[in-house]
Ligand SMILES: Cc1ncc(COP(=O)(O)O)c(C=O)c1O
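Given as structure tokens, the chain that follows is alone and in the form predicted alone.
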Amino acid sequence: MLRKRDRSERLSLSRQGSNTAPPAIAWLMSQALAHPDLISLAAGFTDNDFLPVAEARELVERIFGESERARATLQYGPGVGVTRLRELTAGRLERQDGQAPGSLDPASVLVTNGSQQLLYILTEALCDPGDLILVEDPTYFVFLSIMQSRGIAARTVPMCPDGLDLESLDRVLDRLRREGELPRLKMLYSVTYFQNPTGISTSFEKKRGTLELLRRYEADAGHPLYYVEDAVYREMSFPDSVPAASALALPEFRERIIYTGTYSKPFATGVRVGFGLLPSFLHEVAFNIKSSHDFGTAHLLQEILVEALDTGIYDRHREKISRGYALKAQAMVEAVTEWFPPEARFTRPEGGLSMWVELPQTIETGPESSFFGETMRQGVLYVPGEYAFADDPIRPCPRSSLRLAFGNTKTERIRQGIERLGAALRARC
């Protein structure tokens, strides 16, 4: 029971303030800090040794070597984003998608404080409490936290090895139509490259099929149904991986596509710069909301990225870390193959920072489970897979999976951590 003071304070909160729970990853990080000897395979951090310290120093010296540019950089910048960075972003996406120059309008780009800010802005712009969003099953659990805090409900769509199961998506949409709930649906959210948590990448054909289905049901919804393509890991591909084109390569659907990406993870996570490409009407609304938040993303950080992109430093760094993370992922795959029981099923990462493992249903992996407690005693930490499954009345929450991150853990520690997890698993299989 709350103390009187606690109850009074809680009554002063807004509905959103009351609904906002501590993020699951914050608790996991606190465990790692409280137990420094733990091998943490939980937090999806980048590797400190891969951060571009020398490159960043060179970039800052270039910027501050010109007094006029330095003064301009230290002043407020355009709230929508630095013009040159928006141009570079649009051109970069055109090349990645194999589109002609000029196919994307830089005016459709909104620069944000990481891609996370754009996701929050979208829910604020499009959703009221009680509205619905379709999500992959499983999905990025931090986005689920945003939804939960704003009182937005989820409906889930199972995944195939190449993205959403389109037959299941059709059934979910049809059920919402028959139950009169389509007007509550505002968007479908999909992490399309090396998905966090499963590692699955969505094929171009699945992106087209998803947009076609959303268009088919729009009349019953009575408003646009947006496809949010979260491409946060697109530039975290390994050397032999060839990512598919984005949904932006489908110009006939462009007014229903919201594309979000980031420069943080591929370059330096401390450079909190993300971006979105939005339809014109929604771009204006999102910019107005962002202006109320912060008047614009840090000008200095944007100029650092402009210089990194213009000089080629960004791409050279990205190629270097691609090789480094591929080696870490391979070490994790080899260790899981050696130490986990044959009943365990896992992805082989082709990019990103993590691996997804599904265990027999008899082994629960949640934070209150005996298995989680045993692994903590063994000195290893993982993300319980149940965090990535939305509450959905049409299916029980799966509780026998885990996400393993390799980004910020040394190779030998990865092997040790997997061996410890394997010992705990074999005792139960």
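A residue's number is simply how far along the shown sequence it sits, counting from 1. In this text the structure is predicted, and so the values were computed from the model without any measurement.
Form predicted in complex with the named molecule: not shown, discussed below.
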If we take heavy atoms and a 4.5 Å cut-off, which stretch out of 208-216, 247-255, 183-191, 332-340 is in contact with the named molecule in the model of the complex? 183-191
Of Ile200, Leu225, Val232, Met355, the one that lies within 4.5 Å of the named molecule in the model of the complex (heavy atoms): Val232
What is the one choice in Thr156, Thr89, Gln302, Ser115 with a heavy atom within 4.5 Å of the named molecule in the model of the complex? Ser115
Check for me whether the named molecule, as it appears in the model of the complex, comes within 4.5 angstroms of all of Ser40, Arg420 and Leu425 - heavy atoms only. no
Decide whether Thr297 counts as a contact residue for the named molecule in the model of the complex under a heavy atom distance cut-off of 4.5 Å. no
Does Tyr140 reach the named molecule in the model of the complex if we count a contact as any heavy atom within 4.5 Å? yes
May I ask you to check whether Thr123 falls inside a 4.5 Å heavy atom distance of the named molecule in the model of the complex? no
Answer with yes or no whether Val82 is in contact with the named molecule in the model of the complex, where contact means some heavy atom within 4.5 Å. no
Counting only heavy atoms, which residues in 257-274 are within 4.5 Å of the named molecule in the model of the complex? Thr262, Ser264, Lys265, Arg272
